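Below, in structure tokens: the form predicted on its own, a single chain.
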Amino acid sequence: METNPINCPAEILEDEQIIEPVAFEFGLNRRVFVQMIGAGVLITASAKPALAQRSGRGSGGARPRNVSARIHIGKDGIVKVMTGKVEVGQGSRAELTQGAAEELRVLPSQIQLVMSDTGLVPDDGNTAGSRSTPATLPAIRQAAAAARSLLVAFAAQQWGVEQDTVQVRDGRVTHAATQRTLAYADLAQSDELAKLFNQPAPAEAPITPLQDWKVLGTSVPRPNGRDLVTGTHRFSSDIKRPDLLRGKILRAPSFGAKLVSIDLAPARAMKEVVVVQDGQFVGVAAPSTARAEEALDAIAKTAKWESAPHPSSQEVFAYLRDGVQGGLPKNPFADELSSANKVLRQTYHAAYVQHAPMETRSAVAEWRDGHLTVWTGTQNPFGYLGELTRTFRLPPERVRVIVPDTGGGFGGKHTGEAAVEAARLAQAANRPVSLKWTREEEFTWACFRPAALIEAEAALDVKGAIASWHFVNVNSGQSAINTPYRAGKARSESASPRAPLRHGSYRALASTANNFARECFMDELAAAAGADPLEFRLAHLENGRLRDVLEAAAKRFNWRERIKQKRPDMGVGLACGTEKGSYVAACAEIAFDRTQNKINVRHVCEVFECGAIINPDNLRAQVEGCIIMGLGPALREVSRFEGGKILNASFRGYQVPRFSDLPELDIHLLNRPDLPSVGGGETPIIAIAPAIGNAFFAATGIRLRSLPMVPPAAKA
């Protein structure tokens, strides 16, 4: 198998983050300079953005030098555990709490997880790529195990006994022979223990083997779930600071438009309104959102813009194809196709779509004594810190980013536009500023899931086996680009043309498009070979984890019987795939309503395997969320644009799945306690769209090769 990226930016290859921060270019006037340096002298040198963002990354679980950087035991017995990861609804707060509780032999309720406060926690990297489970959880477990070892050693020393005669259970260190016992709270009274925690961590302390798990592997609920249900949790837009102002930003009327001139006088004449213009950046702050909107409207009427050409969503795929330097890669096996028994070529499309988090981007920024603090919702707290330090020319120790548990990200909250905007307004006002993007702003100026143009070509030999395979993804990236199926010769490639929209990471990123194209193409190859779609796949899969989930899903769904049932406008389809070390297979039943020209997904059976299961209920919720989220881009989600403007920048025009869209779900989690745990928040999404597409063909004989899948009669 060979992958050959063409013009592939580093952001695709590293962390699959293909989004670049907005390049704010603020001037350096006298007031700003004085604010930055305070009473000292400032000399800074900034690394290139890509390098600065990479620092501390890679594993997703940095290993601090001292145990105290991760673990703090209070005199009340509460254990504080630090992590740079964030909670955006994926369940990391519960899972990481479980890991610490397991190793420290305490109840999860005794763990207080401190997340994503750059002034307190280690840099665990971006919360992306399903890395919290395979990387950060082990790092926290290792630190907790090291803390446990220190507690045992300290107690043994105090008692004058051998360490191997001391046990830890229920937050207490016990010496059974002498019946002596000390609670963690008792041990925390000692200054000597604090010194031990501040020294270099001991060598690899043994973590608890799976067969001895008491907390891991169980369905521990989210620790702050009550706060979310009762509404007492404060999101970043709920943060209140003394003398807080509300901010609004002037947005360009279209993509690429440049501000030529503007008259700020109407807003400056308003009482208690602060107005900022710094190059292309124009914003206002006022005591209320209504007042800020009034001020912004007053100056927006005076703005003159220079527009830029921009393709429409109707012509985007031709634009992407034409934008590949040197043209699309040629099939290296083309000379052999003439001797093949059968050759199949198809083109697949995936539209630009929104992340559509319920909580739009927001931030509260406050300057005090030359230091900047920002409360914001992000998946990337240390990345935001880097953006803020570069933009405002500050050393990192003068910037703090605090991230309350956030209302969804789905890969879309990696760059800090709202944080930078709020900080610039607060800097000018010399007061804290709260900035909250509207839904229209979120749907226009946040990043998109990239559109994809995919070309697939394969040859079958006389036995119906895949002799050659060539697969090219244009624009959306490489995740899950390689086929897991056996082929005589295979090559997968990606090309990155100039993109018409600012796109970035998404739940499973390019694998949503790559798996859709590959699994639909496999069905087409099965038809060309005269084979059942399941049997064709199994014939090209070695024994292994992907085969296991596929066979399990087919059995639970009763595939072999249901595929034989022929009912008008009813059909079943299947798909499978692997990404980020986990495996998924889905079978779907659909009904086609010809009167409404609508695909109704009636039943989905999905089997998912991600190694040893950490938290069954949370994992099931992740799989359910992936399936439901995947229905949207599969059936109707698409960002429409023309003249540089988004045409459906609202939930009325851009319809995510509703309750009425939900099918009957049969989800089976295949536990593999013999394998390391990996992430479960992304891969379950990649099988739903192709399973639906293949079921639609079974029902109608029509192939739908574009996401969203719109039946032909409705295309006009």
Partner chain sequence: MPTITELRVNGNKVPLNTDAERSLLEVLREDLDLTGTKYGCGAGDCSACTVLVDGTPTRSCITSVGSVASKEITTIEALAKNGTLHPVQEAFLKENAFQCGYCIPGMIMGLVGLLDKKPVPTDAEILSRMDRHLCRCCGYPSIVKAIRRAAAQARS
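Positions refer to the first chain, counted from 1. Just so we're clear, the structure is a prediction, and the values are computed from it rather than from any experiment.
There is another form of this protein, the form predicted in complex with its partner chain, and it is not shown here; the text below is about that form.
Chemist: Just one of 434-442, 552-560, 588-596, 374-382 has heavy atoms within 4.5 Å of its partner chain in the predicted bound form; which?
Modeler: Going through the listed ranges, the match is 434-442.
Chemist: Counting only non-hydrogen atoms and a 4.5 angstroms cut-off, does K566 reach its partner chain in the predicted bound form?
Modeler: Output for K566 is no: heavy atoms all beyond 4.5 Å of its partner chain.
Chemist: At 4.5 Å between heavy atoms, is M629 in contact with its partner chain in the predicted bound form?
Modeler: Residue-level check for M629: yes, a contact with its partner chain.
Chemist: Taking the shortest heavy atom distance, is F410 within 4.5 Å of its partner chain in the predicted bound form?
Modeler: The answer is yes: F410 has a heavy atom within 4.5 Å of its partner chain.
Chemist: Taking its partner chain as it sits in the predicted bound form, is A621 in contact with it (heavy atom to heavy atom, 4.5 Å or less)?
Modeler: The answer is yes: A621 has a heavy atom within 4.5 Å of its partner chain.
Chemist: Identify, from the list V275, V215, A145, A356, the residue with a heavy atom within 4.5 Å of its partner chain in the predicted bound form.
Modeler: Checked against the cut-off, the match is A356.
Chemist: Quick check on this chain: which one of K258, R226, R368, K271 has a heavy atom within 4.5 Å of its partner chain in the predicted bound form?
Modeler: Filtering the options by heavy-atom distance leaves R226.
Chemist: Does any residue in 219-251 get within 4.5 Å of its partner chain in the predicted bound form, counting heavy atoms only, and if so which ones?
Modeler: Heavy-atom contacts to its partner chain in the predicted bound form: P221, R222, G225, R226, L228, V229, T230, G231, H233, R234, F235, S237, D238, K240, R246.
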